[in-house]
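Only one chain is included here, represented as C-alpha cells and corresponding to the form predicted alone.
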Amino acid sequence: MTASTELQAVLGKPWRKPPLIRSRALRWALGVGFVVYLILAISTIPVDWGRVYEGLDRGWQFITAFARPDFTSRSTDIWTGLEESIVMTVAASVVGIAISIPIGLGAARNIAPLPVYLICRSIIAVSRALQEIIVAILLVAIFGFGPLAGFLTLSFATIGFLSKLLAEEIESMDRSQSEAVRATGARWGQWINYGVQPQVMPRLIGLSMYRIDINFRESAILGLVGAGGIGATLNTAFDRYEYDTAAAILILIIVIVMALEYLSGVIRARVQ
C-alpha cells in the first residue's frame, strides 16, 4: 500500500466540487441539445464562400499593412481626426460627469425621496437602454454629420453609465459615518459634503477616468456613422483600400488607449 493510499484510507474520500447539475443524464441532454442548436444556428447563416475566398486576400493585405503603417500620406487628416476625437472625448466626459453627479445622488434610494428616485432612475434606464450607435445615428439625422452628434452621444452615454454606478456606490456606503454627520444637525448639503462625498469620491474619480477611456474608444466607432472623430478618417481609409493608413490610425488609437489606461491606473492608485 502506497503512502497516498494509506493517507486516503485515513482521511477518507477526497472532497470534490459537486456538479452544477446533479443528474448525469440531464447534463448529457443539455450538452447534446446545445451542440445541436449550435449546428442548426450556424447552418442558417448564409455564407458566400467565393466572397470569403476574395476577402482572405484583402484580410492578408490588411494584416501585412501593420508591418508598414503609413503615418505621412494622410497625416493632416489623421491628426485632424485625432484632435477632433480628443476634444469630443474631453468635452463629452466633462459635461456627462457634471450631469451624472446630481442624477446619481437622486437615484440613490437611501438619500433621495421616492419621486426624485423614480425620475432619476428613469433617466438612467433610458440612457442605458439605447446603444451608442443607435443614439449617434439618430443625432446625426437631427444635427447632421460632424462632432456635435458625437459629443451629444458620448455625453448621453456617460450619464447612464456613471449615474448608475455612482448611485449604487452611495447605496452601499457606510451609513454610520453619514448618520454621525446628520446627528450633528447638519443641513442636507452639509450632510452630502461631509458624510457622503468623502466615501464615494475615490470611486467617482476612478469611474470617471474609466469613462474617459471608454469615450475615446467610442469616438472612433461613432465616426463610422458620421459622428466625427478619428473614426470618420478610419472609415475613409477603409473605403479607399488604404490599409497602411488604416493600420497607422489603429496603432495610434491603441497607443492613446494604453496611455489613458496607464494614466487612469496612476490616478486611481493615488486617490484610493
Partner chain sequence: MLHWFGWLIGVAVFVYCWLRISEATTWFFVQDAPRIAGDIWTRATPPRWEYVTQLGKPIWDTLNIATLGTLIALCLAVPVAFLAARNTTPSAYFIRPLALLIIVATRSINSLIWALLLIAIIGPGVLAGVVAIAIRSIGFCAKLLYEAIEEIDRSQVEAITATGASRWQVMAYGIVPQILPAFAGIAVFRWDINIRESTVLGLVGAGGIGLQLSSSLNVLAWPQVSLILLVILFAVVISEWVSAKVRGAII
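In this text, all values refer to a predicted model and were calculated from it rather than measured experimentally. Residue numbers count along the first chain shown, from 1.
Omitted here: the form predicted in complex with its partner chain. The next part is about that form.
None of Leu82, Cys120, Ile111, Ala91 but one reaches within 4.5 angstroms of its partner chain in the predicted complex through a heavy atom, and that residue is Ala91. Proximity of Ile221 to its partner chain in the predicted complex falls within the 4.5 Å heavy atom cutoff.
Under a 4.5 angstroms non-hydrogen atom cutoff, its partner chain in the predicted complex lacks Ala183 among its neighbouring residues. None of the heavy atoms of Arg203 is located within 4.5 Å of its partner chain in the predicted complex. Though the partner is left out of this view, Lys17 does reach within 4.5 Å of its partner chain in the predicted complex, counting heavy atoms only.
Comment: 139-147 is the region of 67-75, 103-111, 139-147, 192-200 lying near its partner chain in the predicted complex, near meaning a non-hydrogen atom within 4.5 Å. If you take 228-245 and check each residue for a heavy atom within 4.5 Å of its partner chain in the predicted complex, you get Leu234, Asn235, Phe238, Tyr241, Tyr243, in sequence order.
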